[in-house]
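Have a look below at one chain only, the form predicted alone, in structure tokens format.
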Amino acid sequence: MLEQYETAKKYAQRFGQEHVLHFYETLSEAEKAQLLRSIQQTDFETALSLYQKADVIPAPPGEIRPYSAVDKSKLSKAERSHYADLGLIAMAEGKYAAVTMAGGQGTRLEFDGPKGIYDIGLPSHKSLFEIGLDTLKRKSLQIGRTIPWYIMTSRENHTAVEQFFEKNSWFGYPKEDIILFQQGALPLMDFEGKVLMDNPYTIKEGSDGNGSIFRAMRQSGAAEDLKRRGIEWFYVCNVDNVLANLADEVVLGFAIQEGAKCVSKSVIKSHPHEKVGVFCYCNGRPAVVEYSEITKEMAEMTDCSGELVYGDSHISCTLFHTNVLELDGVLHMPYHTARKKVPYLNENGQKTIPSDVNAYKFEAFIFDAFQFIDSFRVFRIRREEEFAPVKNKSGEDSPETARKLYLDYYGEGGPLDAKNKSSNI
């Protein structure tokens, strides 16, 4: 233990973080071991580098121009059928996988546990994980083979997610086709550049954002597993979107037909000033620009048919070709800095709840990958068919609103009910 302590101490001191060992002598042997592990796995170097640039005002987004989406509802029946046939062939040949981002906890829902375990109150009482899995089961039956499902967890919830699936016998899906992998994490830092402590033996960390998914897939071995299986396409979405179509043969066939390496789905904003990021060209490259960076005139601008020019909002439902996992820019995504109000352990060993923001959190965003990908396309879908997020305990984007959208679209039987929609064509 002494050797590990000295190694951890030197590592922490190198980045001015020796305060993390302040309570070391008061800890039990098990707690000491946990603290030393926590120190060794913490990326102080990256966090400190980001801290030093935290108050730098970001450069303006540059020249912004509209990005045209392909509207699924405006495709002819023949076009949709053609794309669906191409997609189903690729799926049946084992070239497709689904990836769900599920690293979050249910904090905003006042739920103590991984968000994917949350029950939104359907008659079946299925969790968010089960809701997503139903879509994969249905498509797997249709194509005659199981679609691999990769789930990105976090250090905070990985064990709980794994235990949930084990306890429920992987919900009847082949265990070898549900692959869990962890996203990275970065320490939360106060405004003096010191990492916060969650308790005397644990450094307070936050996930490093959904944009870290590509690096996490490479580092965890998930990317190598895709390659081993001969998978060429993977579709990424959030666990909290109960209408997310994890096996959409139409968008897959569209990508194959168009030679696109990335197709991201959009929904039209509910009103011109909805607080969502929108697809556009930024300095000639595809991007998602935050609502705060769009002028009032741009937000309200309409085309000759009355549609919003900057109306396609990003919903974190994106199809990628596996070649994307080789792109340097995608593997080294820029980080964004947010100011958060974060409970922490003070120097007297007391848990403190701040009255105002007190810490920096560093995250990479998945949409920043689009600028590095050639042959990028946006595919517009209907909100009521594929977008019902569960973000808040009540009100907008709550279990109540998501439950209604789900039941309106599928009925009580969900995707596995043979009497409801058998295809998204």
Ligand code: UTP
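A quick note: this is a predicted structure, and the numbers were derived from the prediction, not measured. When you see a residue number, it is the position in the sequence shown, counting from 1.
There is another form of the same protein, the form predicted together with the named molecule; it is not shown, and what comes next is about it.
At least one heavy atom of R108 is located within 4.5 Å of the named molecule in the predicted complex. Contact annotation: G103 falls within 4.5 Å of the named molecule in the predicted complex, judged by heavy atom distances. Although the partner is absent here, E249 is not a contact residue: none of its heavy atoms lies within 4.5 angstroms of the named molecule in the predicted complex. Although the partner is absent here, V239 sits close enough that one of its heavy atoms falls within 4.5 Å of the named molecule in the predicted complex. Screening 304 to 312, 189 to 197, 258 to 266, 209 to 217 for residues having heavy atoms within 4.5 Å of the named molecule in the predicted complex returns a single hit, 209 to 217. Across the proposed site, Q183, E363 and K391 without exception bring a heavy atom within 4.5 Å of the named molecule in the predicted complex.
Of the residues given (A244, L136, M152, I120), M152 alone sits with a heavy atom within 4.5 Å of the named molecule in the predicted complex.
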